[in-house]
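For reference, the chain that follows is the form predicted on its own, supplied as structure tokens.
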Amino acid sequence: MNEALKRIVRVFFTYSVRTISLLLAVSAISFVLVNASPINPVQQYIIGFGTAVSPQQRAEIEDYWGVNEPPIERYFSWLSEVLHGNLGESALYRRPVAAVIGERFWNSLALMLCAWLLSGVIGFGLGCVMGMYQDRWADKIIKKCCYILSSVPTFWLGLVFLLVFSVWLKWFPIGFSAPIGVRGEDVTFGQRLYHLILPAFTLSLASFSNIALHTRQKLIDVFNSEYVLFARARGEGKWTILCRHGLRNILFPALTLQFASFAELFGGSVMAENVFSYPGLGSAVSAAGLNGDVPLLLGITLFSALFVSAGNMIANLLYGVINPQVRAFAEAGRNGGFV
């Protein structure tokens, strides 16, 4: 127990240092790119009022935003506020950026978790089917579908599903995360899940192909190995070989790809949320970019980097739990020894 606790503390400390370094780099690069872009946050802020602003009022707004200060001073001033927990105020929503992110994050988290689980289960299952029936009709059909879906943009797939399942068949709602006209506190869990199914399924189909194709190839390698040849000589069938020898050899690579898809899902959720008008971080960052809401854009960028880093840290902790050989190899590498 002590060794396990020490390992968790060590991994957490290592990833904390890496995450802090990553966030500093992301904040600097994002700030430079935003300042190099033609976005004028003051003009966008004034447009949000919908009324004319006098030159004196414009000058006061510029002083408030610090537009006339050198970029280095503005960056460190903004970074100091971020370190104190103040991400600024959204010019689009007229609310603190932290409040907007906190409200939108739970919707995006539910969408990404459902899509993440669906893509893992579908990809792993289809990969096992393709690997067991190599070069047969099932393998050829599923493999072609994987190639096609991996090439199709998420927004196009979402539009097709929206047209077929929402407009023609009317099985699912057209969009949003809750029924129109119902207050947030009155929305039931079933209603939220009903509105979540189609965008989550769309996002999962856009990202399961890599896991399916990789699992197929790993399972083929397992079936071509010498110990599987010996198992066949003893009379074991395909499903018995899959359960006894295949799953433990292909599960770990599939899990690695599954956690590596965190960043891909976060990027794909931007398209899915805009197609289905789903109120998450993806639709918020699109609105911030189109309307020049610099504080919200920078805040979501930092939060997304933190979210992906946290997912990678959880993956590394789970690797050692699922596969003890990884933990032993890591310990040997730190001690300068061999496994």
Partner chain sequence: MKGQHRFINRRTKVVIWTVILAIVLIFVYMFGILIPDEAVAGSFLNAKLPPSWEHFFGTDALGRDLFMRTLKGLSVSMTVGIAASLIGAVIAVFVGIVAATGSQYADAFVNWIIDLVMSVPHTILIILISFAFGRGLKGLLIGIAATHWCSLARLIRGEVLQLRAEQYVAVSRKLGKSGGWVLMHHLLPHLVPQFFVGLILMFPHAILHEASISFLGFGLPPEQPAIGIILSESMRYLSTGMWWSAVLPGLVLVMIVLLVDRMGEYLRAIIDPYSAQQ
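Predicted model only: the values in this text are computed from it and were never measured. Positions refer to the first chain, counted from 1. Definition used throughout: the rigid core is the maximal C-alpha set that superposes within 1.5 Å between two forms.
Same protein, other form: the form predicted together with the partner chain, not shown, and the subject of what follows.
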In the predicted complex, the one of W106, Y194, F155, F252 near the partner chain [non-hydrogen atom within 4.5 angstroms]: F155
V129, L159, C243, V121 - the one with a heavy atom within 4.5 Å of the partner chain in the predicted complex: L159
Complete contact of L22, I148 and M271 with the partner chain in the predicted complex (any heavy atom, 4.5 Å): yes
Partner proximity in the predicted complex: L79 to the partner chain, non-hydrogen atom cutoff 4.5 Å: no
G311, heavy atom within 4.5 angstroms of the partner chain in the predicted complex: no
Contact of V294 with the partner chain in the predicted complex (heavy atom, 4.5 Å): yes
Contact label in the predicted complex: V42 to the partner chain, heavy atom within 4.5 Å: no
Residues within 4.5 Å of the partner chain in the predicted complex, restricted to 15-33 and counted by heavy atom: R18, S21, L22, A25, V26, I29, S30, L33
C-alpha of G292 off by 2 Å or more between this form and the one not shown on rigid core: no
